[in-house]
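Next up: just one chain, as structure tokens, the form predicted alone.
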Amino acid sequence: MIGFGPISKLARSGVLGMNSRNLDFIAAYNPRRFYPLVDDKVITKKLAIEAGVTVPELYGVIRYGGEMNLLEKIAEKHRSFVVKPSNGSGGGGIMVFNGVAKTGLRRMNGQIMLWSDIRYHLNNMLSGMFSMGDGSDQVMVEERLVPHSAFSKLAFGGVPDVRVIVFRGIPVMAMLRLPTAESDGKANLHQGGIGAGIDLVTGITTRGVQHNDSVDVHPDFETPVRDFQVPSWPEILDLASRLGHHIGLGYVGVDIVICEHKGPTLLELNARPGIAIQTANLRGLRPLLLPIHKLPSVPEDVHQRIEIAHANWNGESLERFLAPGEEMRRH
């Protein structure tokens, strides 16, 4: 029966559920022909470069088992780098190294991973074990980004990132994802990382969650999670809006690292961004998405789209952004 029970209560409070996300926004606004642009990280990187977006340097791509010696050559030259599946999701399979030993490579926790174990893990990546599809995959070896110094007491053993949900090229919600000892230095919430909601206008964190429970301080540093000013916030919104508008997907998650040397840098794009960002912000996505859905058109100018994002976040009417003769959609 429609209108009763906990699901309808959540809907009335503005929380976007999985079914609505999939049907009303992903299926309606993300043409499947564009999925490879974000599912394949090698293609995403090329697309971002074309759009003038900063990305981590790609050191090499391993496409089959016979190319595994490429990793040893990269290790000799760079020593610090990230290894990830090109079509991976949820952080699966990613390895971060920051040194070379006689028997293998040094991980961020100081442990040495033997070359035999590394080759075994690479074979698993190539077989598609960590990938979204059913077929084989390829392995990317890229630059390890150094997080902004402002995160020195907020990120344990890894690199934090900012997830921005972009709808029709307009940022609608964001959160800061912080690695912890429990998450093994990965900024993934389902592995024990912290999600901190961000005020979309100011770039200041509002609250933190870990395993869906509220947290006030980072468990490894006892540093406050809320009231943290995310560095380079205007640039982050600019990057997310420009790339979200450029790729042809109407509903997308843009993951950005604030690098000490490069500034805001694209980590990856996600055509099926999760809905846990609502828990981090203690705010539903639906009331933010519907006004933008009702706009008959969105501006090409990125600064105008960010103005819409600010007004939308503050609950203001978007009618002042209509072009002459336009009316808000009624459905």
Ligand SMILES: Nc1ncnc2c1ncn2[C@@H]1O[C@H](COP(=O)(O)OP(=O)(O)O)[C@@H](O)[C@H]1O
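In case it trips you up, residue 1 is the first one in the sequence shown, and so on. Fair warning: this is a prediction, and the values are worked out from it, not measured in the lab.
Missing here is the form predicted in complex with the ligand; even so, the following discussion is about that form.
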Any of the heavy atoms of Val215 lying within 4.5 Å of the ligand in the model of the complex?
-> no
Distance check, Gly90 to the ligand in the model of the complex, heavy atom within 4.5 Å | yes
Do Pro56 and the ligand share at least one heavy atom pair within 4.5 Å in the model of the complex?
-> yes
Mark Arg144 yes when one of its heavy atoms lies within 4.5 Å of a heavy atom of the ligand in the model of the complex, and no otherwise.
-> yes
In terms of non-hydrogen atoms within 4.5 angstroms, which of the given stretches 148-156, 198-206, 167-175, 77-85 touches the ligand in the model of the complex?
-> 77-85
Note: exactly one of Leu267, Ala276, Leu37, Leu295 sits with a heavy atom within 4.5 Å of the ligand in the model of the complex, namely Leu267
